[in-house]
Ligand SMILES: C[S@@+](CC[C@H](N)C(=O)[O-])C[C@H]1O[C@@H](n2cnc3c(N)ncnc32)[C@H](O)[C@@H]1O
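Take a look at this single chain in structure tokens; it is the form predicted alone.
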């Protein structure tokens, strides 16, 4: 039913509006696309990407368009997401955004919008998806197979920790593990408060006075001695038995075509370009 409604209302474009929070933050697009360019410079035989946590498909469209622009050879993206409710009753009680998220998941609208939106990805990129949890899906995935693994699923500590451990096994030599919502490093926050807040999505750190995702901060900090950070987007590259930070200096980047004009204006401000200039 929803599929037919989407095709009638938005026949020529993806849809992320309203209270769904379907788009990424303005500052994510440039480092994400730059990461694809970074990887593509050393690969001429195609690339295989894995995304954990796809929501309404905005990040999938970013990866797909960047693959089309920068990668040669076969290009594929596998999206894994259960599209099931996971926010706790306390989180739902504390914030309207969590109520909206849960409503979209309970009705199936989030999954239907994802399927609608990825229909606008470049035809040169093969996109498939698994509706299920990453731990279960990983049993059917080949170790060392993926050139990039993007983690943006459940941000509670135990879920993020588990996702990182699985990703370490599935990423290829020279491949990248990256993710979203790392606002503060573990060395910057109140450690005891962080540990006590691992089962919530967002918390206020008493040491810095900033809001952050404590589960992401802790899981990333325990898994990797050092990571590259770009406005909450984080990444490391597999080099033998270790994972090292990545420099995106001199890598090309762009704002994907599905990003609305007002967010492009925000990105212009972020990089110090005139608001009227195209990005």
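For clarity, every value in this text was computed on a predicted model and none was experimentally measured. Numbering follows the first chain given and starts at 1.
Below, we turn to the form predicted together with this ligand, even though it does not appear here.
Proximity of residue 182 to this ligand in the predicted complex falls outside the 4.5 Å heavy atom cutoff.
Mapping the unseen interface onto this chain, residue 81 counts among the residues with a heavy atom inside 4.5 Å of this ligand in the predicted complex. At a distance threshold of 4.5 angstroms between non-hydrogen atoms, residue 53 is in contact with this ligand in the predicted complex. At least one heavy atom of residue 58 is located within 4.5 Å of this ligand in the predicted complex. Figure note: of the listed segments 170-178, 120-128, 151-159, 203-211, the one touching this ligand in the predicted complex, with heavy atoms no more than 4.5 Å away, is 151-159. For the options 105, 166, 71, 92, the residue carrying a heavy atom within 4.5 angstroms of this ligand in the predicted complex is 105.
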